[in-house]
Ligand SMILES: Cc1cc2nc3c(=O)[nH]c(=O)nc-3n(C[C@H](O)[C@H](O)[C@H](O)COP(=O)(O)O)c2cc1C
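Single chain ahead, by itself, as structure tokens, in the form predicted on its own.
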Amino acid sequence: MARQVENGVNPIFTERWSPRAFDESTLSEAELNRLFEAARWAPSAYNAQPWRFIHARRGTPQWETFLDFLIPYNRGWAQRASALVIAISQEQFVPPGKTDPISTGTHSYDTGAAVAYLALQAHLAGLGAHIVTGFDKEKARTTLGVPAGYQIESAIVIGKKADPDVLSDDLKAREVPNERKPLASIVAEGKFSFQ
């Protein structure tokens, strides 16, 4: 089923979606680094680049540790993925020409842009990337040694898409690209006019 587009956009935006069915294959470090390379080029306020990524790949000693961060519902399908990534944002940075750190107030927003770039590169590489917030952030912080001054943002489940038959019946029914709100419900000219 093709997604409904109101205005012409490059198909990369409508063809990318967040699968849950993965094929248990592995990813090389080089394959994963291509995704991080795309994320590296995202825009950010002051060019602060506040995003940080910590990952584990299937078949490595850290894999089970990262799976244990996920709530049981997400672990149920994510266990077949190829990589798990924890996206983190640095809350402060030192602007050019200054000596004291400041907060842009956009570290989460900017990190979201980097995650979007990563997800688009994953799609271009024939992979799926599913961003989730259903995980134990404090457990991830403690286990990964993330210090104060960094915010745990999301987990990203990455892998090669599989046939939906690997999923439970309730998830199998949801394994399709979803739609978006109409443009008129998210864009207004001149003033706030949303319901």
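So that there is no doubt, residue numbering starts at 1 and follows the sequence shown. Source: prediction; values computed, not measured.
Form predicted together with this ligand: not shown, discussed below.
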Inset, instruction - Look at the candidate spot formed by 3, 73 and 133 and say whether this ligand comes within 4.5 Å of a heavy atom in all three of them in the predicted complex. - result: yes
Inset, instruction - Would you point out which of 27-35, 125-133, 161-169, 54-62 contains residues with a non-hydrogen atom within 4.5 Å of this ligand in the predicted complex? - result: 125-133
Inset, instruction - Please check if residue 185 has a heavy atom lying within 4.5 Å of any heavy atom of this ligand in the predicted complex. - result: no
Inset, instruction - With heavy atoms only and a cut-off of 4.5 Å, decide whether residue 178 touches this ligand in the predicted complex. - result: yes
Inset, instruction - Give a yes or no for residue 117: in the predicted complex, does one of its heavy atoms lie within 4.5 Å of a heavy atom belonging to this ligand? - result: no
Inset, instruction - Select from 2-22 the residues with a non-hydrogen atom within 4.5 Å of this ligand in the predicted complex and write them out in sequence order. - result: 3, 16, 17, 18, 20
